[in-house]
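This document starts with one chain, in the form predicted alone, laid out as C-alpha cells.
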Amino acid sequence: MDINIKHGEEMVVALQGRLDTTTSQELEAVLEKEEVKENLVVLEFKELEYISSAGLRLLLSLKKKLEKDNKKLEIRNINDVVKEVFNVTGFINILDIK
C-alpha cells in the first residue's frame, strides 16, 4: 500500500492499494509518527481497492484518538467495494464519509 500525507488546512492521508491486516499495521506506524497539527484529518480513499476488518478497527481507533484531542476524522471518495463493506458492518453510520 502507498501512503501519501500532506499537511495544510487539513491533514490529508491518501491511500492506494489494500488496507488489510499487514498494511493496517504499516499505516498505524506511519500515523503514530506523524504530528497532527490540523483539526481535521482526511483519509482519501479514491485509490483504496479493499478494506478488511483490521482496517476497520484501525479507522475506529484513529477516530477515537482524534476525538480525544478535539479533532475530526473524515473519509472521502470511497469506491463501491469499500462502501459496501462500510454498509454491511454499520461503519457507514459511525464514520464521517463525504
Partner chain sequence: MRHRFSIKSKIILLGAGITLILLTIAFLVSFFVYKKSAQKSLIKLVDSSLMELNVTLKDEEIMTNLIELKDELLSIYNENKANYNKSFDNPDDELEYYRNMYTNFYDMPGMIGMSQVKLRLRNTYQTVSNELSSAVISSNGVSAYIALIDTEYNRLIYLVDSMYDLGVYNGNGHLFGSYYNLNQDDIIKTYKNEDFKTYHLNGCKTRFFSIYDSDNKEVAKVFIEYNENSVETSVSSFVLIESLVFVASFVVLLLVYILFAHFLVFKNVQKLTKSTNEFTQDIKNSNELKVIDPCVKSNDEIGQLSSSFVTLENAIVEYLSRIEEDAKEKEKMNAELEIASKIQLEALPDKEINDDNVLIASSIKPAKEVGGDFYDYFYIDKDHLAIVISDVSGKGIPASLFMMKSKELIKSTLLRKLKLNSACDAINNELIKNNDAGLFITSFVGILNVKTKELEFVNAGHEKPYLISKDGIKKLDTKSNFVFGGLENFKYESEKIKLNENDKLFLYTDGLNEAINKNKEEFSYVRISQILEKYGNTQLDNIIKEMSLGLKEFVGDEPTFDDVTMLLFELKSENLIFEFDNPSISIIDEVIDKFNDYYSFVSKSELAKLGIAFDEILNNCISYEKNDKFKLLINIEYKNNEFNIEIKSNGKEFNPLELKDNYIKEFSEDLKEGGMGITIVKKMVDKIDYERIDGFNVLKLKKSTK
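The structure presented is a predicted model; accordingly, all values stated were derived computationally and were not measured. Positions refer to the first chain, counted from 1.
The same protein also has a form predicted in complex with its partner chain, omitted here; what follows describes it.
Asks: Of these, K68, R57, K46, K37, which has a heavy atom no more than 4.5 Å from its partner chain in the predicted complex?
Replies: After the contact test, the surviving option is R57.
Asks: Within 4.5 Å, heavy atoms only: does E9 come near its partner chain in the predicted complex?
Replies: Looking in the predicted complex, residue contacts with its partner chain do not include E9, since no heavy atom lies within 4.5 Å.
Asks: Any of the heavy atoms of R76 lying within 4.5 Å of its partner chain in the predicted complex?
Replies: Answer no; every heavy atom of R76 is more than 4.5 Å from its partner chain in the predicted complex.
Asks: Even though its partner chain is not shown here, does I51 get within 4.5 Å of it in the predicted complex, heavy atoms only?
Replies: Heavy-atom contact with its partner chain at 4.5 Å: present for I51.
Asks: Would V85 count as a contact of its partner chain in the predicted complex, using a 4.5 angstroms cut-off between non-hydrogen atoms?
Replies: V85 belongs to the contact set for its partner chain.
Asks: Could you pull out the residues of 1-32 that have any heavy atom within 4.5 Å of its partner chain in the predicted complex?
Replies: Contacting residues: R18, D20, T21, T22.
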